[in-house]
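Provided below as structure tokens are two forms of one protein chain, presented individually as structure 1 and structure 2.
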Structure 1
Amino acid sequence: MKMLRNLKSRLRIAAATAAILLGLAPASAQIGDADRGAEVYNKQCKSCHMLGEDARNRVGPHLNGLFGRKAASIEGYRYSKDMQRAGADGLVWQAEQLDVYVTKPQALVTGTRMSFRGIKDSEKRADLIAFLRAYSDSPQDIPEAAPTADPTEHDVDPAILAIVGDPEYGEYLSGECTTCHQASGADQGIPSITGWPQEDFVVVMQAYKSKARPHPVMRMIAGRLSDEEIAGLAAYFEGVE
């Protein structure tokens, strides 16, 4: 429940996040400028993370060798429960995962302890990723594509978040969910999904649907839900306490 409050208080949907999650804007396809990325890193990450030869874990884990590194895999660092879950699920840091995480950490890992409001500017993210990549031995190739000049391109497709969910349909569909997620909100072994703000719910479901989140069961389940169905579920579960 604590993590849920975390999410509620911190997760305000960024337009860019939704765009990426929905696969509208392959921002990771941009080739960033590592020099400019160093500036972004110094301003936005360095207060909590370390990189380079003597890097230690600080507020956050060190970020050496990040590409291809499994989430929550640095020994001796105490990760949040949800980051550990994501790691066990098979979340591996590559350009795409980093892009989603840095845009809005909670979209990828609901209860992450990284309190960071996110970088909305896709160009800055691409620069940052190019910079981080230099500290990895075997970074996955960043796909070739022209940098996006127009940042407004990453504005959310307002249609998706604007869909007004039908809670009656949501209630019917929720039958599929309550086989695993308890309607009481109990979260033993499987997280609670009741009482979430609708937008947060939609973003997280879209993150499974787009396969940004690794869990195979939820990918399958979200994968066959339409945007209207997700909206209906979000409307229904918001009201379940």
Structure 2
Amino acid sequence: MKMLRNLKSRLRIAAATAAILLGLAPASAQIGDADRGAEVYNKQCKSCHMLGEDARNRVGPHLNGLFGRKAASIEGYRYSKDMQRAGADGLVWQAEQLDVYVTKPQALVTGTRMSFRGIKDSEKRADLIAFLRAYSDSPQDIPEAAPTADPTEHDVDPAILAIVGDPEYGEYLSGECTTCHQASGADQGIPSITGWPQEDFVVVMQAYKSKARPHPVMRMIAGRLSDEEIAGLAAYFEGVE
């Protein structure tokens, strides 16, 4: 029976991970609002988990440095055997995994001791994850990929590059971009995208859209945008000084 339970747990983690990779799991639909996420944390998480300079383990482990942390890896905290097994099997907390876990903890780790029914509202989950992100060791590295890291050699369809973007429409769409990339052009770990040549912007976004570039958050954002919307954003950000 114990071997069967262990196998079921491993299969559930593998299935959830596969669903994340295939885009089938309930992933955050957007980059959340950290201020709203603080409210979610205070109402639903704070009684068990601590954050900040004096954070320590309570009913649940502290949540400092959560992003990129291997499951069940805080020394001295008494994790369930299933959570320990999940960590041994390679579960690492990133936005996608957190989104699945917060939706319904037992769906990812069957025997977790976290007695929490989950958050069904995808917007609230996205907000909470954005708030937790700020307490990671290097929050500026999430998202971490510099859009200028690769050369602009490409095979983007010339018809796409020929689309004339509407900068006013681009400004309307730009709010999600400036959640991370500062409109002022300041670069504090997340690269600036203001003043970019339009073609470079389009090429990079199309590379994320086609999954040629690996960054999961940028893939998600670019995948939701039409070619015309990308062109509009490119036109807008090229003119921002």
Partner chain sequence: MKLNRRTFIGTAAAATAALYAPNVLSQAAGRVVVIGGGTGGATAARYLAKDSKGALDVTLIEPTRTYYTCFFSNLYIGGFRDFASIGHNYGKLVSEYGVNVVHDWATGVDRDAKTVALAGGGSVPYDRLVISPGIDFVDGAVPGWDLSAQNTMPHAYKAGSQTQLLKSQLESMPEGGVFAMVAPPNPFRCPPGPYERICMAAHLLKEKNPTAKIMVIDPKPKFSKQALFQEGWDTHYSGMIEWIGPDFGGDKVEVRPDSMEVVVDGEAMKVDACNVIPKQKAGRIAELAGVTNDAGWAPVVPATFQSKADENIHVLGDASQQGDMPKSGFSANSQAKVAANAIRGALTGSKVFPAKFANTCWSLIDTNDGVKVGASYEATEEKVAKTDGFISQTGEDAALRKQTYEESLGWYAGITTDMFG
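Take the two forms, find the largest set of C-alpha atoms that superpose within 1.5 Å, and that set is the rigid core. Owing to the predicted nature of the structure, the values given are computational and were not obtained by experimental measurement. Here, a residue number simply tells you its place in the sequence of structure 1, counted from 1.
Original post:
Among the two displayed forms of the chain, which is the form predicted in complex with the partner chain?
Top reply: Comparing the pair, one sees that structure 1 is the form predicted in complex with the partner chain and the remaining one is not.
Original post:
With both forms fit on the core, is the shift of the CA atom of Gly52 between structure 1 and structure 2 2 Å or larger?
Top reply: No.
Original post:
Tyr169: with the rigid core matched between structure 1 and structure 2, does its Cα shift 2 Å or more?
Top reply: The answer is yes; the displacement is at least 2 Å.
Original post:
When the two forms are laid on each other by their rigid core, does Phe67 show a Cα shift of 2 Å or more between structure 1 and structure 2?
Top reply: No, because once the rigid core is superposed, the C-alpha of Phe67 moves less than 2 Å between structure 1 and structure 2.
Subject >> Rigid-core-fitted C-alpha displacement of Glu228 between structure 1 and structure 2 (angstrom) >> reply: Residue shift at the C-alpha: 39.6 Å.
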